[in-house]
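Considered here are two forms of the same protein chain, supplied as structure tokens in two stand-alone entries, structure 1 and structure 2.
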Structure 1
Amino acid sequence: MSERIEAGVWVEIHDIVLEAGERAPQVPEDTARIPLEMRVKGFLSEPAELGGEAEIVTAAGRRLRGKLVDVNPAYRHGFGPPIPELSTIGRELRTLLGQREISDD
């Protein structure tokens, strides 16, 4: 038996928006061969089981339905490693602006 998740819990749903044969004709061939999927996070609107159909309310207030795939899903994206050339730019700019204000006086 699957785990029952209570309403109001932060979850993620998954659904197929368009099957492979339903994609727009102008998309590249390799894209057209795969379905268009959605993964959306939101608050569960009513109790549901993990792996079952569920409805969520997103942070923007949209109501969407799909298969409940995760509970309290983590964000797994990042912005990559720091760029050394950019790490000192704020301090350098403040220095330049400070010098300019002094020379304008």
Structure 2
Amino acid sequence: MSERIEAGVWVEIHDIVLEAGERAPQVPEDTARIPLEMRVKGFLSEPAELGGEAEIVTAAGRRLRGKLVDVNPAYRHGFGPPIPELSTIGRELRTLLGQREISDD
């Protein structure tokens, strides 16, 4: 059974704007093969099931319908691990400038 989400919860919906056959004539072949997708967040206006049809009220006050795909969606972007190719640049440049290298003390 799908999860029932209450009205008023902050969610994300997904919809297809243009199907693969409806894409603009100038798009390259790889893009023409796939649909143009849309994702918008808002507050659920009626209770709905995850994966089912739902209506939201967006931050601009618009009512939009689509498939309910996420509840209280996370911001997942971050920094990730340090990049070794960048890690030593500062040390190299300070050496060039003749500054004392802290790690050499």
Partner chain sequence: MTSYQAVMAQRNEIMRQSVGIDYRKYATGVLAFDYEALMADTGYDLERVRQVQQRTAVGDTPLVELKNLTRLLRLFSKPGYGARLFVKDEAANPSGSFKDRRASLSVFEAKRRGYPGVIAATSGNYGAAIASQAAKAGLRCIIVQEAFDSRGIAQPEIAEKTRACEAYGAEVMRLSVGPELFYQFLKLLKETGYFNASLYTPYSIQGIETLGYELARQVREQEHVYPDAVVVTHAGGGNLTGTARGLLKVGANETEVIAASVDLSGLHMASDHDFNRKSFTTGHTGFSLPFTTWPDRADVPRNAARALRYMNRFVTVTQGEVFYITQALAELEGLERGPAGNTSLAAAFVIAQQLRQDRIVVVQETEYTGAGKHPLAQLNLAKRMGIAISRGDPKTSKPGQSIVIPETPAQLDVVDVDLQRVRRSYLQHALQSEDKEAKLTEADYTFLAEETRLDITNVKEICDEFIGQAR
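Here the rigid core means the biggest group of C-alpha atoms that line up within 1.5 Å when the two forms are laid on top of each other. Residue positions are counted from 1 along structure 1's sequence. The structure presented is a predicted model; accordingly, all values stated were derived computationally and were not measured.
>> The form predicted on its own: is that structure 1, or is it structure 2?
In response: Number 1 is right.
> So, does Glu92 move by 2 Å or more at the CA between the two structures, with the core held fixed?
Replying inline: Yes, because once the rigid core is superposed, the C-alpha of Glu92 moves 2 Å or more between the two structures.
> Core-aligned, does Ile83 move its Cα 2 Å or more between the two structures?
Replying inline: Ile83 C-alpha, core-superposed: shift of 2 Å or more.
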